[in-house]
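One chain comes next, on its own, written out as structure tokens in the form predicted alone.
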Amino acid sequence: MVTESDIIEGLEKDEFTFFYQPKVSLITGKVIGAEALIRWLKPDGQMVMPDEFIPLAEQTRLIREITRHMFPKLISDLLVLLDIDDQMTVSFNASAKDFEDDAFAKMVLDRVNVAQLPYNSLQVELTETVTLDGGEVVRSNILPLSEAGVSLAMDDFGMGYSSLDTLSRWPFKIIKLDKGIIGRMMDSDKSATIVESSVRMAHELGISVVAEGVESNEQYHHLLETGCTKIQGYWISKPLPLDRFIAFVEADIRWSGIPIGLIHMAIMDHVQWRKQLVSEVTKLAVLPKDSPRRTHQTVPPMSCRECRLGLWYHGAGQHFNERKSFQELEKPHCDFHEVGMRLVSMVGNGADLESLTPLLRELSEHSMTVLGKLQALENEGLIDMHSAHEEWIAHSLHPERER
């Protein structure tokens, strides 16, 4: 059994190190970062796992000593990783005790500044329990990191009882779906729905999603279909020491797959944009022509490049740029937005519902064209994805065919 004295001795002898578990983008199929996980390596080669010493460290406040001892190592490792790939991000776990005062946040910012690292290359992972236990004191001491550009991730999302309330009050930019839910989603409709709903909610809030604990090809492809964009887990790789993680990155492995779920997200985004605009203009059209409310409209982004569908089209959607249905999407989408802008202008100039009706019908026609192109693209992607999946299974069952 590990004792306080053992931990103190381990720190003095510098026996703690970081292992890195890769994170993969479901858009590019590439390694985009890692989670830094503390490991305790004894001189005889024995590894003490975190669950054998972290609970004791939390109870005795030694966790603060461990964090302060390890953070300079993390910065040193991150410098190496950014020299390999300047887009790499590394996350690390922190506890409420680390933020009981402002000392740790100041040390983080000082170290990052001295090393001339981009703030967004670093992420802090906190569990909901940590935020609830720490309350406003922890929140106030974390805010300087968030304001500087260090991303805050809610770990084990979906495990706590008030995750949504916590998410609404804290400046989280990332949620990590709990591995328990990911592990159950292929056998539980409820778990699958929680995953899908969480991904959609995060998308609408502009929050990134990482699914942790991915351990099978089936889970991987299901997450592709939900629109999740990042994963980690043993199906990708177990945590690796720095040298092996570097070799893993340098191998430039590409995980196959089509980000089909993002097409479905784009469909939902388009429908939501249309409903929001139509609701606003029809509500304003019944007001008196000279109502000041008509010129203070609450409308979604009017540019066809700035709405969520447009951002996807000119960003992650370029994965599909060789497909005809994708190429044919841009014009009707921009025509749709042009009609939307005319509607907004007419309402501002005092138009009533009768004069808006022809344009509302035209808006619907353009919308149906847009949705038709997106649905055709989604169908093509689903066929390709499941065909690739069948080929993967066939190769796994009969690898001798490749000889």
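Numbering starts at 1 and follows the sequence shown. Since the model is a prediction, treat every value here as computed from it, not as a measurement.
Not on display, but discussed next: the form predicted together with a small molecule.
Inset, instruction - Name the stretch, out of 75-83, 196-204, 150-158, 314-322, where some heavy atom lies within 4.5 Å of the small molecule in the predicted complex. - result: Result of the contact check: 150-158.
Inset, instruction - Quick one: from L343, L374, L26, I38, grab the residue that has a heavy atom within 4.5 Å of the small molecule in the predicted complex. - result: Looking at the other structure, the residue within range turns out to be I38.
Inset, instruction - Identify which of K230, R308, R294, K179 has a heavy atom within 4.5 Å of the small molecule in the predicted complex; exactly one of them does. - result: That would be K179.
Inset, instruction - Mark G350 yes when one of its heavy atoms lies within 4.5 Å of a heavy atom of the small molecule in the predicted complex, and no otherwise. - result: G350: no contact with the small molecule in the predicted complex.
Legend entry - Exercise: E378 in contact with the small molecule in the predicted complex, heavy atom 4.5 Å: Residue-level check for E378: no, no contact with the small molecule.
Legend entry - Partner contact for E280 in the predicted complex: the small molecule, 4.5 angstroms, heavy atom: No, E280 is distant from the partner.
Legend entry - Contact label in the predicted complex: L56 to the small molecule, heavy atom within 4.5 Å: No - in the predicted complex, heavy atoms of L56 and the small molecule never come within 4.5 Å of each other.
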